[in-house]
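There is one chain below, alone, in structure tokens, taken in the form predicted on its own.
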């Protein structure tokens, strides 16, 4: 149930007097996307591929919660909602830099909303993205989510309160609620910089509608999509995930574009069942089997073009001791099934061990290593190429 929340009556504040404090950091037609921390540059590669008219404006990180990709786009923005590597998409409402290092920063936050936000334009973009159109005589509900990085002379809630008050002053028929709002506005404060955004995406962008079955340590879809992008998908790919879990990497590869064949499997019976449930009758041709990833006897040598795999971190799944032997045997088997020039993209939290094992085998060359934070856990994506024998 949506609970209406009144903005408390506070003391009147002086108008901002510092010159230039409300100057916009970003111009109109600026958007930003949330990613898992560390995947901002990977997301930009997808944006470049799918929206070539876009312009990179920068990257940010909010603690270990989200990465930020900020970019300009004067073209149709709706394709942004089909991106695979990002968690959410926002249109920038207001922005500013050189936030005063004292409590006058609260006045600046209010002034950003008052002086910069073009509400008719923002609501038009939101309507095109979501289809939401308020009915005559009804109230529009909104809420503000605030995230703060660094130390500031005011509390996070104080900043949120000033922004809420400024929004309602500009939109007298809007109602502030705690949840289930029609409009969701995010206040992001990075040290001395402020970015305010209106969310355009919904939860299916990050959680995906195909995930009917979940498993412990199941891979986040946007991370799986990032791994697919790093594999450099091609129309004639034979793509393998030898430890497929709930099938997330395989499905993201299928959705990404054309391929010749998808192959997947897992040693756990429940994982194979979860993959089959999530795949259903889609994504053909695809073969899912129960197998040991270190001994794929059914796959001929040199027959696979790309491999994407989420290796056990040795925490929720497996152990550090088990990984010692598993990683070595896994790399040897991938060296067998991959063709020369084929790519192996693996994610692991046990990255020191993987680095050690790679030094002991001459079959792979490291193309790239991408650090990523998954719900507070440090991990790395290794992009490897199978070298000629």
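Here the structure is a predicted model, which is why all the values come from computation and not from measurement. Numbering follows the first chain given and starts at 1.
Just so it is clear, the following notes concern the form predicted together with a small molecule, a form of the same protein that is not shown.
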Given 260-268, 91-99, 169-177, 156-164, the stretch touching the small molecule in the predicted bound form at heavy atoms within 4.5 Å is 260-268
Among the candidate residues 83, 182, 293, 106, which is the single one with a non-hydrogen atom no more than 4.5 Å from the small molecule in the predicted bound form?
293
One residue of 311, 251, 307, 112 in contact with the small molecule, assessed in the predicted bound form (non-hydrogen atom, 4.5 angstroms)
311
Taking any heavy atom pair closer than or equal to 4.5 Å as contact, tell me whether residue 217 reaches the small molecule in the predicted bound form.
yes
Should residue 229 be classed as touching the small molecule in the predicted bound form when contacts are defined as heavy atoms within 4.5 Å?
no
Considering only heavy atoms, tell me if residue 242 and the small molecule come within 4.5 Å of each other in the predicted bound form.
yes
Using 4.5 Å between non-hydrogen atoms, is residue 70 touching the small molecule in the predicted bound form?
no
